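As structure tokens, one chain now follows by itself in the form predicted alone.
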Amino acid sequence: MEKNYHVCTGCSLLCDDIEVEAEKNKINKVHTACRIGVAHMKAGKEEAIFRVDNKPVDEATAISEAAAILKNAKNPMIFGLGASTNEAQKTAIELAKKINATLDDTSSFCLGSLVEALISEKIKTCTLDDVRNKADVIIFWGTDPSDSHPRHLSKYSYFPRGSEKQRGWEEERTAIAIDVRKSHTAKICGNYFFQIPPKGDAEFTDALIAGLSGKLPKTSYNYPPKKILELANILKGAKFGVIFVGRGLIYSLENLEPLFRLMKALNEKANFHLMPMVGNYNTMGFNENLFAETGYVNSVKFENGTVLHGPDYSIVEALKERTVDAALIVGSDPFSILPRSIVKNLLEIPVISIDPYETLTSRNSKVYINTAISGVEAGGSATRMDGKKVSFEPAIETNHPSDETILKKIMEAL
């Protein structure tokens, strides 16, 4: 039985210290990983699956059918890729250009606007290693990493000893949670939990900005001014502050303007950075790769060498308006994550699902191609939530093709 260290692609932390014990090409034990990571690393499968119309076929037939669907479509969409390697994402972008497709990912209805602001250098950010080594004030706003990224607090943000924070959370770090409910992370933050009502984030931001400038903070929901002033004083004293932003905050705001204003006010008094709590292990990679190609992070349409961009090219609007006539879904499950009123329109068009797992989407697809799990059965590279590039090797061998391989074969078959 051999032991090796591997990168976990269970979330966007991309932990690189995972010890794996494999025997007869099967992972038996996983050490160091969180509960999400253990389940992810041990999810290896038996035989590869290829289906057309829910009937088993060979790989060549599935590829041929997928290519035929895309070739016959006047306005195909490619969606997903947050759980694919950088290499697969770049191949998908080339495929989208070749077939004049609409291309989108989950960031169009999650954290995409914030990621685009960071890539465009409109907001100051930092690395997770900077957080571990330097951060003295950490805010978790509209996010619960204890559930979504279980090693976040222990490996990077709150509990670890850093090069400049040797006394750690007991003496040198303050963790603050701002949320609509008392999450597991909020419980860890103890007295530094600030509970606000749903959609109250913009007002709380304005009140906090007032508190930072010494004015009396007010909100329409009568949040105690004394508590906001207490928080403002903590933030003003930060030598290296970080705000980890979750969907809870982004969904509450009509636009990012309150966040821009808060960061400006904070950096007039202290030293603050911002980082989005992206979910899929390579959402950041997709956004960066598409931005490098088009200047946008999501919601684009390629049209004979030109690039169109806007909400009309997001999966939500495209399905709502029925503007696409075929869909290639890669490593995502829109049937589970989108509202029924929108996703039902996918049932009216041919869907190709490329995914390492059986999902509601794969079961409703005309073509399903079962692929290797990145980081477990296939190697490649990805981009961590803080923008750091991480390369990884497979932990076990498999007969499952990678996303990249399948996308290249579809492109060749067109």
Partner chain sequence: MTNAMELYQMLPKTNCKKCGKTSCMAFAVALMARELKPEDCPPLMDEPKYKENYEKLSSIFKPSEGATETGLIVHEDLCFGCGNCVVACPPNVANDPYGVGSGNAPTNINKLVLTIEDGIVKAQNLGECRRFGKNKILCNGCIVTCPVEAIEFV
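Residue numbers count along the first chain shown, from 1. The shown structure was predicted, so the numbers you read here are calculated from the model rather than taken from an experiment.
The same protein has a further form, the form predicted together with the partner chain, not shown here; the description that follows concerns it.
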Open item on the list: Is N54 near the partner chain? Define near as a heavy atom within 4.5 Å, in the model of the complex.
Closed with: no
Task: in the model of the complex, P160 touching the partner chain (heavy atom, 4.5 Å) - done: yes
Open item on the list: So in the model of the complex, is the partner chain close enough to V30 to count as touching (4.5 Å, heavy atoms)?
Closed with: yes
- [ ] Considering only heavy atoms, tell me if N75 and the partner chain come within 4.5 Å of each other in the model of the complex.
- [x] no
Open item on the list: Whether K42, R132 and S146 jointly form a contact site for the partner chain in the model of the complex is the question; each needs a heavy atom within 4.5 Å.
Closed with: yes
Task: Candidate stretches 251-259, 315-323, 99-107, 151-159, one within 4.5 Å of the partner chain in the model of the complex by heavy atom - done: 151-159
Open item on the list: Quick check on this chain: which one of W169, F240, F291, Y192 has a heavy atom within 4.5 Å of the partner chain in the model of the complex?
Closed with: W169
- [ ] Heavy atom within 4.5 Å of the partner chain in the model of the complex: which of H184, K227, H309, K344 fits that? Just give me the one.
- [x] H184
